[in-house]
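Only one chain is included here, represented as structure tokens and corresponding to the form predicted alone.
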């Protein structure tokens, strides 16, 4: 019987970081310039003045202190307010494949595997920079993997849903080892002119290797006991960017094409959904919350994480029980729970239980119950 395990994980971060202070300085300068330019319309009540922000507001609202940025150039330029990432020719390696490969190489080292031992590549992330050819197939080609690859998108649940597919492939015997990569290049979809969302996201790439326990030779590995997924349609987190803008004669770069959300409704609706999902999942294994040593949760907002763990445990969770990486990485879309896992998994003991969970737009939620080998 096939027994899927997590055998390796790799994390890549850009060289550039942007602090809250840097972001706020640029945003406030842009907002003041906007308000000055549109003073008459603002005074007439035709448009609203742009509110100013502070680094303290950002940290209190989200727990974020800084974020990584693939390209810092342009983000802090008040005449641009978006990263400046040059286009690459078709024959050049794409940006997402570049960062995916960086994480993949680290995952292979972690798993003590070579690329020729991988059968499938899944690139699972919130956005891919093109429709086709798949970024996963480009990565597969660059690594020299003889097998297959495909892209998938489930917003901030992409990482766990990708791991679900890898788990199922190992169980079914359609692959012996699967490389799941989450190259979250989020900055191009951020509206840096919106006070309530310009600080949320950071760029990063995570790669995870799932294989059968019989071929696992890594120092730290986790048996995947089961997976669980759920989706419920909601418009409260949305990004409308798409190719049909060409035929609907709408602006493909309008604000509604960027990330936007109703944060209060998301908080109110997703938190109880996550708690219920997690409890039902661990109950499948006759586990109570006291039996679970670590919770690697989606890193969207520190207040959401604190509320969810408080509802689960009946008390505040310690940093060891539910690690937080938001302060350094910000919201990295689907990669957050796996960054928390990457940074906080080697210290657990054999037979300790843990749960990886991500949740996001859709609404979508995915989890894995795992046990240290």
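Numbering follows the first chain given and starts at 1. This is a predicted model, so every value here is computed, not measured.
Below, we turn to the form predicted in complex with a small molecule, even though it does not appear here.
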Next on the checklist: Quick one: 213, 222 and 356 and the small molecule in the model of the complex, is every residue within 4.5 Å by at least one heavy atom?
Outcome noted: no
Next on the checklist: Taking 4.5 angstroms as the heavy atom distance cut-off, pick the stretch from 254 to 262, 283 to 291, 81 to 89, 169 to 177 that is near the small molecule in the model of the complex.
Outcome noted: 254 to 262
Checklist entry - Are any of the heavy atoms in residue 26 no more than 4.5 Å from a heavy atom of the small molecule in the model of the complex? => result no
Next on the checklist: If we define contact as a non-hydrogen atom of the residue within 4.5 angstroms of the partner, is residue 313 a contact of the small molecule in the model of the complex?
Outcome noted: no
Next on the checklist: Please tell me whether any heavy atom belonging to residue 339 falls inside 4.5 Å of a heavy atom of the small molecule, as the geometry stands in the model of the complex.
Outcome noted: no
Item to check | Partner proximity in the model of the complex: residue 98 to the small molecule, non-hydrogen atom cutoff 4.5 Å | outcome: no
Item to check | Residue among 297, 121, 111, 300 with a heavy atom within 4.5 Å of the small molecule in the model of the complex | outcome: 300
Checklist entry - Considering 140, 128, 186, 227, which brings a non-hydrogen atom within 4.5 Å of the small molecule in the model of the complex? => result 186
